[in-house]
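Take a look at this single chain in structure tokens; it is the form predicted on its own.
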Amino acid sequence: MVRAVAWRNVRLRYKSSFLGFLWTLLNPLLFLLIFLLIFSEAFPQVENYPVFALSGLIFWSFFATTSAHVMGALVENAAVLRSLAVPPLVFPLAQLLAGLFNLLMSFIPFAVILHLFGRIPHSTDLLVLPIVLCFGTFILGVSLALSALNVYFRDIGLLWNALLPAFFYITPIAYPADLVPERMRWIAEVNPLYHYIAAFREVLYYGRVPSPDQWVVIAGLAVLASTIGWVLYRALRPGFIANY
């Protein structure tokens, strides 16, 4: 059921679209163009700035888009959930699966663009997959908690859309992390996205294996977020029908 709903979501998202899955990469590319025009000369210490920026942007776009879709999944399918005996968890899981599918499809043009900017493939590139698995689990946990709360308080969706730009700017995506002043470094480090983007960039930009500490942090964040999301979902599940 999850697979069928996810495929429906993918088809509906790109129905009558000429570019299809390429739209998954369009948003990061627009941001990259802005970064090249504004920031490329501001960070001369960053070698091959387009690869540096794009290796963060593609995964930020995955987080922002997928978390928004998963968060709204229960409310958007309220009519189905009222009339059919469908487990509500199907719809958040289907949105996550659709987001992962879009991300994997976008890796094809993403790899081509990185090659055009002079990036050489590394054997460590395959490590992106376990990092994506941890990142997807983290997104599901956070978004599942938000989707359950959104059933009761629709302000959650509006608040999340307002917070996403703030997360974007406090996460070192357009700028290197070492530019963050030492007294403010803790703000970046308590942001989970900081650790995931750093792990992706370690593999795709530096061509290195993330350190054991990085693996522990991103796996631990995934377990913590998914546990909190599941507990909150189970606690709020009995009141869904009355609040759809």
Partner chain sequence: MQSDRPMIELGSVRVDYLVQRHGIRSIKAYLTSFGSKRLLERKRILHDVDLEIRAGECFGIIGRNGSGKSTLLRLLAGIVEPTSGTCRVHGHVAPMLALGVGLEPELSGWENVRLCRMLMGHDRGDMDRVNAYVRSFAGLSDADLEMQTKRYSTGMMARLGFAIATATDPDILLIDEVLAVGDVAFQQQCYRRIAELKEGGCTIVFVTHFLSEIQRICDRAACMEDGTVVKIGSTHEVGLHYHGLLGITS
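What you are looking at is a predicted structure, and each value in this text was computed from that prediction instead of being measured. Positions refer to the first chain, counted from 1.
Heads up, the form predicted in complex with its partner chain isn't pictured, but that's what we're talking about next.
- Per the 4.5 Å heavy atom criterion, its partner chain in the model of the complex is contacted by stretch 80-88, the sole one of 161-169, 131-139, 104-112, 80-88.
- Not displayed here, its partner chain is kept clear of Val223 by more than 4.5 Å at the level of heavy atoms in the model of the complex.
- With a 4.5 Å cutoff on heavy atoms, Phe117 does not count as touching its partner chain in the model of the complex; it lies far away.
- At a distance threshold of 4.5 angstroms between non-hydrogen atoms, Leu93 is out of contact with its partner chain in the model of the complex.
- For Val75, no non-hydrogen atom is located within 4.5 Å of its partner chain in the model of the complex, even though that partner is not displayed.
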